[in-house]
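Shown below, as structure tokens, is a lone chain in the form predicted alone; questions about how it binds or moves come after it.
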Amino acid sequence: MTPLAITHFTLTTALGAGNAPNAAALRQGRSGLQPCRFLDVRLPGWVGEVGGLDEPALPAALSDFDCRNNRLAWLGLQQDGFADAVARARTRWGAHRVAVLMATSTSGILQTELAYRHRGADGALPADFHYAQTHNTGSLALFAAQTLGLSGPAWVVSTACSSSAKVFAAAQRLIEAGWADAAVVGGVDSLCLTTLYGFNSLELFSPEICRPWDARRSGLSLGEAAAYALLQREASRGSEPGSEAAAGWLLGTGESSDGYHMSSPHPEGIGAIAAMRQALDSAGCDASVVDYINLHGTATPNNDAMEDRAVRAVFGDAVPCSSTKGATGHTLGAAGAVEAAIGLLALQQGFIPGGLNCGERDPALGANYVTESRAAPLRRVLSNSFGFGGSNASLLLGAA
């Protein structure tokens, strides 16, 4: 594929709103996870909660969209000059030539969960509950498109934890096919009762803070986040109005499906291997060019064991790698975009984020897992995202 310019990106997680606080926390090895006190949920476990989302914060014209997920989406769009950059792209290409490709796993389902608590005597949901603008999966793309004044192709990908890595691949295909000249891609997923109780029922929500690659790892910690990137057909072209320099490059993408199990990855990592190799092949690169791998690294026993095998099958055991979920929590449908943004920060600032909470490394895992953040000149970063149902996506990112 032809490298695609990423002119702007931003992320908002439990570490803070915008690139600067997230980069600082990752470099310093700080976690945003806290014991779970979300609403009235008192499960034993840790979550990465974004502050300031409990009260309505949307403009009046967007008030029908008001829910936790869209408040988080709004907060994320206001960071790092991202909305202004999209406005310049809209001027450059035309509103109808800028796509909006979003990702989420549960969208604003919390709004329905809360509305259900306030049903009337006849069982009806409250009159001010707006399903289409809040809970509906497609509402996220509609909200983002209206907020940003865009009218290009718009849709939402919901393939669990691979969702917001896959929108990068979808945008690349859309631009290559000539259906758009630019694309806003991203993922937004907020905490909700379904996710917390669901992962707890699956015995995947660890009572302890998550410990990727640790011998005693017992599951994941959940988080919420919004992350976006602006992809454009061309980066800077001298003095052309609206042209922008690349902040990084999308070099390659890989997608695959295990077809193995509803909630467990293929134990030998066959699908993950295929996604990583496809990302390298699409970029015309071999494994030796990758300087760092941001792992999916959920801290569940099966995922980490599978991913370790898959990484070693493709890269051997020398390439530095780590999971950043000990800092942000697992942000599910937003994880791919969050970790792509972390990969771009690592490329820009020249550092490898350490994987937190790994006190006793699992001796059965042989990849070169980095536990302390360190400076490192990076040119290419691979980011992995693997979801339920065996949906896999890998992104190869390059420095500007």
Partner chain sequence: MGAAAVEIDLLGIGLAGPGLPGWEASLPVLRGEQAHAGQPTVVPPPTCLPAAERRRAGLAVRAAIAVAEAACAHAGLAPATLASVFTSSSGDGGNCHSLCESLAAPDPVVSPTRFTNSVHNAAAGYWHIAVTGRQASTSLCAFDASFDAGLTEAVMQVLALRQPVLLVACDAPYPQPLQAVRPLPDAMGVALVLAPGGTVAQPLARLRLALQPDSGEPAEAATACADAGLDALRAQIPAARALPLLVAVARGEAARVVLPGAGAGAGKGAVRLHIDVIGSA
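Given the structure is predicted, the values throughout are model-derived calculations rather than measurements. Positions refer to the first chain, counted from 1.
Quick note: we don't show the form predicted in complex with the partner chain, though the next part is all about it.
Peer 1: Would the partner chain in the predicted complex be within 4.5 angstroms of a non-hydrogen atom of every residue among Ile109, Thr112 and Pro153?
Peer 2: Each of the three qualifies.
Peer 1: Give a yes or no for Arg216: in the predicted complex, does one of its heavy atoms lie within 4.5 Å of a heavy atom belonging to the partner chain?
Peer 2: Looking in the predicted complex, residue contacts with the partner chain do not include Arg216, since no heavy atom lies within 4.5 Å.
Peer 1: Does Ile270 reach the partner chain in the predicted complex, with heavy atoms at most 4.5 Å apart?
Peer 2: Close contact exists here: in the predicted complex, Ile270 approaches the partner chain to within 4.5 Å, heavy atoms only.
Peer 1: Looking at the partner-bound form in the predicted complex, is Asp258 within 4.5 Å of the partner chain by any heavy atom?
Peer 2: Result yes; Asp258 sits at the interface with the partner chain in the predicted complex.
Peer 1: Should Ser263 be classed as touching the partner chain in the predicted complex when contacts are defined as heavy atoms within 4.5 Å?
Peer 2: Flag for Ser263 set to yes.
Peer 1: Between Ala85, Leu280, Ala145, Leu77, only one gets a heavy atom within 4.5 angstroms of the partner chain in the predicted complex; which residue is that?
Peer 2: Selected option: Ala145.
Peer 1: Only one of Pro320, Gly316, Gly138, Gly81 gets a heavy atom within 4.5 Å of the partner chain in the predicted complex. Which one?
Peer 2: Selected option: Gly138.
Peer 1: Counting any heavy atom within 4.5 Å as contact, can you tell me which stretch out of 201 to 209, 285 to 293, 303 to 311, 182 to 190 lines the partner chain in the predicted complex?
Peer 2: Residues of 201 to 209 come within 4.5 Å of the partner.
Peer 1: Need the contact residues for 93 to 129: heavy atom within 4.5 Å of the partner chain in the predicted complex, sequence order, or none if there are none.
Peer 2: Those in contact are His96, Arg97, Ile109, Thr112, Glu113, Tyr116, Arg117, Arg119, Gly123, Ala124, Leu125, Phe129.
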